[in-house]
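One chain is shown next in structure tokens, namely the form predicted alone.
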């Protein structure tokens, strides 16, 4: 009897966690597990804001996939996924075509520009490790150039961050720590530097406790961060961004650096896969399968699940993606045995948002945390994610221990 092929696309939190859980549940002779990812490493996307600001080196936020998979059970293919057709059960990649008995799609997120003119050309996005390195290098280049040019343009030292959600706030927190270091390194007067957060929504960190949000804004403003809330970006140009301040009122912020952190969507390959979707995200069944395709599972950023208590989607967090992966792995094994699948029930333990190296806000198990306590909790969460993938060796190699 032919062994079933389990094809996993993407080695982000959802995809890699699915593979790690599958290799614990499936015997060597029970299935062929194939993991396809465009890089031979996994990166901690929840650490990208640190690499972007330059407070962590890019190599610190990634680790080799081969180091955490069981090579006797899992075949790793370094390739770019080029097309998915769930009707013919075929996946096209740069390494050739693959068929499957069970498919897991965990291709992660893409930035959402909402059709804003010029944003895709003139704004940088915290999208992956290489993009984070580009942002870091770009900011340093602006500081270095300002310090050496004769006719100094102070706009080089203006950084606009689009978005006051999770990613934007965490990036601002790191910038608040990094800017003084850059000023010292390049002999730049700190008063010349301007960091502006622009947010279209009327609030910072929607969904967070208002008291914690107030603390976060206060802490970031103390680091020199400016907030322009309820002012959507309407255009990006090589010189900066145009924001809307009222019905007929606009302001142009001249800036040497524009970083967009105001929205994500699922991977665009979902849109041509044959699966019903919304902005490349699939409203999955309760057992994480794609509607109408009992052999296709969706995890992570590409999966859309509604929290019935709030009637809003669960946020696409690493915590939820890794929990989904456990359920997906168990459900694939259940299908292989002819058993019923089980529905995914999130266990939300809380959320922590970093404000820099030693500061954060958090709502953990019903307790509100700020400052050092929240920062320590953030590091514990980061280390736990590493442990769930690679155990103690990975935590010792990549973990965060500096308190």
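This is a predicted model, so every value here is computed, not measured. Residue numbers count along the first chain shown, from 1.
Beyond what is shown, the protein has a form predicted together with a small molecule; the following relates to that form.
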_If contact means a heavy atom within 4.5 Å, which one of 100-108, 172-180, 329-337, 190-198 is the stretch that engages the small molecule in the model of the complex?_
100-108
*asked:* Test of understanding: in the model of the complex, would residue 375 fall inside 4.5 Å of the small molecule by heavy atoms?
replied: no
*Report whether the minimum heavy atom distance between residue 43 and the small molecule in the model of the complex is within 4.5 Å.*
yes
*Would you please decide whether residue 19 lies within 4.5 angstroms of the small molecule in the model of the complex, comparing each non-hydrogen atom pair?*
no
*Decide whether residue 39 counts as a contact residue for the small molecule in the model of the complex under a heavy atom distance cut-off of 4.5 Å.*
yes
*Counting only heavy atoms and a 4.5 Å cut-off, does the small molecule in the model of the complex sit next to every one of 162, 217 and 356?*
no
*Tell me, out of 124, 79, 234, 86, which residue has a non-hydrogen atom within 4.5 angstroms of the small molecule in the model of the complex.*
79
_By the heavy atom within 4.5 Å rule, which residue out of 284, 321, 135, 253 makes contact with the small molecule in the model of the complex?_
321
